[in-house]
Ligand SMILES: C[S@@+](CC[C@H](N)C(=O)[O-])C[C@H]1O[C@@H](n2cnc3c(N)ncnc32)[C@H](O)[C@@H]1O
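Taking the form predicted alone, here's one chain by itself in C-alpha cells.
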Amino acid sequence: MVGDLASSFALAATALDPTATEDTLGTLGGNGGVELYRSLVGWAALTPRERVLDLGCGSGGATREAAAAVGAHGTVLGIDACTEAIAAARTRTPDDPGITYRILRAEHLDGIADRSIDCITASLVFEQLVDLPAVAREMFRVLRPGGRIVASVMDFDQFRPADAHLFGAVIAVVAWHARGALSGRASRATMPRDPRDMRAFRSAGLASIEERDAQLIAVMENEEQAWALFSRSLIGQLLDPLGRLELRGVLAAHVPHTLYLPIRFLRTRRPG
C-alpha cells in the first residue's frame, strides 16, 4: 500500500496495538550495541536544556530516552496522530514536567513556534507519512538555525539472503490473503535514496542527509518467539484469521532462525 491508504492503515493498526513497536523492536539489541531508541537519541547528540520534538512518538520510547538526555531543564514534546498511542505514552511515562504529549499530525505542527526546537527525532515514522514535503517544510519551520533532525527507517533493501528467504515466504502469505496490499512498494527505494525523498528534504531547505546503517537482531528459537514478533507487526495486522494461521505455519517451518532487521539512521539539519 502507498499514499493515503497506507497511512490510514498504519494509523488503524497503531490504534489496535499502540505499544507494539516499543514492546517488540524496542526491546531488541543489535550489532555494535545498537538499540532502536537509545541509538537514535545518541546520534542526535542531545545536550542538557535542549528542546526536542519527537514526531510519531507512539508509546513514547524515544520521547523518554530524549528526556533523559536533555535533563531536568530540557523539554521534550511527543506528538502522534493516534489517540490511543498518546494515551499509551502518557500511561508509560512517569510524572516528568519536561515531557508533554499532544495529538498532532507531522504535516501540521500547529501551536509549535517558528525556530523553537533544537532537535527533532522520528523513530520508524517517515515511511508512514503521506506528504513528506509538507512534513519537511514544517520541520524546517520549527527548527532553530543549526537545529537537527535524526530519524530511523527500516532498510529492507539490505536483507541477508537467509532473511530474504524468510520474508519471501511471509510476503507470499500477505500477497494471497491481502491482495493489493503490497502494490507500489517494489519501485520505491529505502528512504532517503528515493528521488522523491531527496527532493522533499532539499526543497524544504534542509542540509544533505547523513546515513548510518545498522541491524536489530531478533533471535527466534521457536514458533512462539517468531509469532510474538510478527503477529504484532503491520504484516500481522494485514491478515485475516486464516492468513494469520497460515503465517504462523510459515514461521514454524523457518525456526530456529536469527533475524537481522536492517535499520537506517538518518541525520540532517537546518543550515545556519
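Numbering starts at 1 and runs along the sequence shown. Computed from a predicted model, the values in this text were never measured in an experiment.
Keep in mind that the form predicted in complex with this ligand is missing from the display, and what follows is about it.
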- prompt: Taking heavy atoms and a 4.5 Å cut-off, does Cys57 contact this ligand in the predicted complex?
  reply: yes
- prompt: With a 4.5 Å heavy atom cut-off, would you call Val153 a contact of this ligand in the predicted complex?
  reply: no
query: in the predicted complex, does Ala106 have a heavy atom within 4.5 Å of this ligand?
result: yes
message: Residue-level question: is Thr75 within 4.5 Å of this ligand in the predicted complex, judged on heavy atoms?
response: no
- request: Answer with one of Ala200, Val125, Val174, Leu166: the residue that has a non-hydrogen atom within 4.5 Å of this ligand in the predicted complex.
  value: Val125
- request: Find the only residue in Ala81, Val142, Ala88, Leu132 having a heavy atom within 4.5 Å of this ligand in the predicted complex.
  value: Ala81
task: Using heavy atoms and a 4.5 Å cut-off, decide whether Leu229, Ser231 and Gln237 all contact this ligand in the predicted complex.
output: no
- line: TL;DR on 216-224, 57-65, 44-52, 241-249: the one with heavy atoms within 4.5 Å of this ligand in the predicted complex is 57-65
In the predicted complex: members of 19-48 within 4.5 Å of this ligand, any heavy atom: Thr21, Glu22, Leu36, Tyr37
